[in-house]
Structure formats: C-alpha cells, structure tokens
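Take a look at this single chain, the form predicted alone, given in structure tokens.
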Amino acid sequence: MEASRVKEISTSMIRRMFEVVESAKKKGIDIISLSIGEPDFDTDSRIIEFACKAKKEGYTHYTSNFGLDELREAIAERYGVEKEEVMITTGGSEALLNASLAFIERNSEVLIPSPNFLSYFVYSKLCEAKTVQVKTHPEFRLNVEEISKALSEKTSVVFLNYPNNPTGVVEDEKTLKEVVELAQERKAIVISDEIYDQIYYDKKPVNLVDFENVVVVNGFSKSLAMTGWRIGFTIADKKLIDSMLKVHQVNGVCAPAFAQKAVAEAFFSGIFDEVTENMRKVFKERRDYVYKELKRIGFEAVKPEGAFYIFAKIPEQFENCMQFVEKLVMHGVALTPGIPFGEGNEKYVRISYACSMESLKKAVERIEKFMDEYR
C-alpha cells in the first residue's frame, strides 16, 4: 500500500505534458523544447580530464559523509565560512531533502513564496506539514509585511530561492535579511536555495551564509553545467549541519569521489570563474533576445536578473496556461505551465532559454505565428 504522505503528491501534470509532447511527435511535429531546466553546455573538457585523472588515482571509493576536505575547504574559502560549516551532498536536490527532513516538523507550517521551484511543495507534503503560500505577483518581489503576516509560531521552515526559478528575479539584500530575521524571531529555519548564484546579469545575488538560522543549498549543476555529476553542498551552522548529517548518512551517503575531486581541481586551477563567466555572457545574450521578442509579440514579463528562465503571462484570450501550452506544442514549441510553481500562476508559463540561439529564434517564430492565429 502506498504511504499516505506519497498519495498527496501528484505527477499528473508532468505525465499530461509528456503525453501531449509525445502525441505531437507522433504526428510528425518537430518540437523545440523551452522547458529544460539545465544548461545546454557540456561540462568543460578540463573538468572531465580532472575526473578521469582522479579515477586513475583511486578516487572511486566512499569519502567521508561530509565530503572531501579539499572541496570543502575550497567552498569555505569562496563563501567566507569555516570548513566545518560545509557538507558535500549528492546534488542540490539531496541537500534540499536532507534539510526538509531535518527541520520540517509534522503538522508544522512551511512558508513558500509563489511562484517558486515546484519541489519545495513536494518536500512540505512529504514531511506532512501545512504549506502556506505568499503570492509575489506581478513583480515577483517579496513583501516583508505579507511575509510577516504569514509567519506564525507553527512555522518550521521558510523556502527562499534567489535567483529564482521560475522568474529569474534576484531579490534585494535588505529584503532578504529582514525575512531571515523575521523567521529567526519565530524560531524558524530558512532554507536558501542558491543553486543559480553564479548565473546573474545586472545584479549580483546575495548569499545568506552569515545567518545562524539559514541553511544554504547550492551545487555545481548549473554553475559548471554538471547536472549529471550530482555534486551539491550545504553551508550552515555546525549544529544544523549535524542535524542534516543524520539524514545524509543514510540517504546520499556521499557524492561520487572522483566528481568531488574534479570540482576541487576546478577551484584550485582557477577555471571555475572562467567557466561561469563564459556561460553568463551567453545566457545574457539569449535573455536579452527572448525578453525583447516576447514583449514585442505581446507577452507580459518581468526581465530576469538571473537563472535562465522567463515567467511570462499568457494573453487574455487563453483560458489558462494548460490550454496555452497544449495548443502551442502542436505548433512545435514546448513550454512549462505555471501551475506547478504555486498559487496564482494559472496564467503564466515558464520559458527556458537554456538552448541555442538558433533554436530560440525558431521557437520565437513559431510562437509568433501561433499567436497571430488567435489575435
């Protein structure tokens, strides 16, 4: 029998979109997917060489649950913390689950600004908590007063994610600090998902590593285009790290040793910043193009300041985002509907520009042609 905590989780939206795309392909329609959530870059060849060398040197066994010391030290130096405040995980997702299981109490409240990364809502359900959402539309900015009203003595965890998936918004330092302090007053833990902190354009993101009640989750899937390598990390006060270790030691155990060593070498060799800077330049060019074209076609959208998504409002003639994406896919473009990202997103779609400029230009042409049929 399926556990009740899992019964609360629906996969119907994902399954439905998969079936819609597959149906279009069977009809011979060429699909350009702007729904992907990973960089289209391959991992830098030098990092691959580091990993191959590490395997030959014997980095094929378990590491400490905390991770390789050299990688922890490199991360600690970069973020201005102690090595003991860093733990390596099997991707950022494992880190998020570890933190959720460690700090979300059953029947407590979990505060999630909307729109936000869809997995946070799942973690809340898995931990049998009540999800409290605070809408941030239309500018997708946190309203400290609204956050304060939504926080209560029952709040166990607040999820923050800046740069944000799906909006690309980078929140102000003052606002974030006020939210963290409000959470601290309620004795709540803030889980700050900073996985996109290296992908920004006009405004550098704030890292919340200096707060005792904050668990920072990060990794190298986005910054180094290493989604398949599964290297994430958490930065937190030692007491919080110890709580998450209780989950990590029976969940992820440790990230692949050779992959940890390869990332450490990327830091030591000085190529980390080179790789991320090159990606930023390409993503910025794509962002500028897609944002300009969407506005020209008639979409409402907030210009992304980070990550590689635009959360666009669909035209009024469409009933909701599901109707829009299901019709659009038959014209050769797949987008992500806004509904899974929280309340108030029925009229939004997430558009990823983590694909080639050639594909983006073709997709824009198809979207414009599709829109012309409904004007």
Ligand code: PLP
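All figures in this text were calculated on a predicted structure; none of them were measured in a lab. Residue positions are given as counts along the sequence shown, with the first one as 1.
The protein also exists as the form predicted together with the ligand; that form is not presented, and the subsequent description refers to it.
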If you check Ala262, Ala236, Leu96, Val110 against the ligand in the predicted complex, which one has a heavy atom within 4.5 Å? Leu96
Between the options Lys135, Lys177, Lys154, Arg230, which residue brings a heavy atom to within 4.5 Å of the ligand in the predicted complex? Arg230
Site check Gly91, Asn165 and Ser221: each within 4.5 Å of the ligand in the predicted complex by heavy atom: yes
Since only the chain is shown here, I'm wondering whether Ala183 would be in contact with the ligand in the predicted complex (any heavy atom pair within 4.5 Å). no
Under a 4.5 Å heavy atom criterion, is Ala74 part of the interface with the ligand in the predicted complex? no
Check whether Ile195 has any heavy atom within 4.5 Å of a heavy atom of the ligand in the predicted complex, and answer yes or no. yes
Looking at the partner-bound form in the predicted complex, is Ser100 within 4.5 Å of the ligand by any heavy atom? no
Stretch from 247-255, 200-208, 124-132, 221-229 whose residues place a heavy atom within 4.5 Å of the ligand in the predicted complex: 221-229
Can you tell me which residues in 116-136 come within 4.5 angstroms of the ligand in the predicted complex, by heavy atoms? Phe117, Tyr120
